[in-house]
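To begin, one chain is listed below as structure tokens, in the form predicted alone.
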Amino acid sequence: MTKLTAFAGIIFSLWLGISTPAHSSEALTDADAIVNRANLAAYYAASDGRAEARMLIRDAQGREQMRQFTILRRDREEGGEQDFLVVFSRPADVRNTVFLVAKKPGGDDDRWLYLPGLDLVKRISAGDKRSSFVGSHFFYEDVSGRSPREDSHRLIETSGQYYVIENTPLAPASVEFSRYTAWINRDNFLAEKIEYQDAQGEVYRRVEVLQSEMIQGHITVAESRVEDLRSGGETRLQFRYQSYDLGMGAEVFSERSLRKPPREWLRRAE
């Protein structure tokens, strides 16, 4: 899944697939170029994708909640606008809850949440994009990712395995972090770890890839984790039945799908 504060959403979205680039023996030195490659690889591999996800939320007291959902993604253009549809199936109190995103790089994404118990479509404001996604430690913004254009990027280290990029928001009042650091794998441009710092420089949030696998020629995240280092809580995401290039049309991601999700795309192919 599948690109991170440019990297903020990458761990959530990396299931969408990372194309396997040819390894370059010569290290890149342009931070913007590295971030752009990571963004393209994580969010724009293949033209569309489908995955089933299981989310386990654990609070600081060890209490657990589970969420299960299917996520669909379609690119409108390479490196540009995209659509995401998330349809919850379990537990019963969130079943048929639907989250729809129209991603607009360079502007504010459009986000809607359908709450079936109230038969209510709620628009998620730009100011709420970094609030909890369905009670988890992920944010609404994590589903579609944060545009690389919203941050400045600085290459602070190149090791044999990683590019280490420090990212600073251009509009600091709009986010809760002061900066974040991403460890990007030099071979596949996967951001395998991201740490967020507050104004005092303390790391308070960490997201990591725990497992990945090759699917249809794309390295794909199978499990990820986000930790709230202040509270001690965490959320794990496991992805299953992932597939790409399915031929989904624009109608799958219309506002009509909030109340009437596209069952033909939610059913698992036999």
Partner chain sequence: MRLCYRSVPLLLALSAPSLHAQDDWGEDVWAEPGQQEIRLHGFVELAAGGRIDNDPVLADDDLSLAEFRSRLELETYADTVRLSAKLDLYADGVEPGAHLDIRESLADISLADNADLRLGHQVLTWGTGDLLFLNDLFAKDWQSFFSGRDDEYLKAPSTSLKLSLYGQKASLDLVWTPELTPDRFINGERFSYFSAGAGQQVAAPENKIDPTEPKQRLANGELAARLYGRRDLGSGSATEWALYAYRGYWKQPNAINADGEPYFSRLNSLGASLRGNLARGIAHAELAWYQGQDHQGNDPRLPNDQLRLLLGYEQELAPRLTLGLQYYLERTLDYDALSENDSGSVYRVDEHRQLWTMRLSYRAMQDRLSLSWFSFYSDTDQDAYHRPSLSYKFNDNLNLTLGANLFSGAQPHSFFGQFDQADNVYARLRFSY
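Nothing here was measured: the structure is a model prediction, and the numbers come from that model. So that the term is clear: the rigid core is the largest set of C-alpha atoms that superpose within 1.5 Å between two forms. Numbering follows the first chain given and starts at 1.
One more form of this protein should be noted, the form predicted in complex with its partner chain, which is absent from this view; the next part is about it.
- With the partner removed from view, the residue among Ser47, Ser243, Gln68, Asn36 that has a non-hydrogen atom within 4.5 Å of its partner chain in the predicted complex turns out to be Gln68.
- Exactly one listed residue, out of Ala199, Ile156, Leu170, Leu120, brings a non-hydrogen atom to within 4.5 Å of its partner chain in the predicted complex: Leu120.
- Using a 4.5 Å cut-off to its partner chain in the predicted complex, not one of Leu40, Glu195 and Gln211 places a heavy atom inside that distance.
- Partner proximity in the predicted complex, defined as non-hydrogen atoms within 4.5 angstroms of its partner chain, places exactly one of 131 to 139, 145 to 153, 159 to 167, 182 to 190 at the interface: 131 to 139.
- In the predicted complex, no heavy atom of Glu227 sits within 4.5 Å of its partner chain.
- Contact annotation for Glu52: at least one heavy atom lies within 4.5 Å of its partner chain in the predicted complex.
- Although the partner is absent here, Leu100 is a contact residue: one of its heavy atoms lies within 4.5 angstroms of its partner chain in the predicted complex.
- In the predicted complex, its partner chain sits within 4.5 Å of a heavy atom belonging to Asp59.
- Contacts between stretch 236 to 255 and its partner chain, counted in the predicted complex as any heavy atom lying within 4.5 Å, involve Arg236, Gln238, Phe239, Arg240, Tyr241, Phe253, Ser254, Glu255, listed in sequence order.
- Relative to the superposed rigid core, Trp112 undergoes a CA displacement of at least 2 Å between the shown form and the other one.
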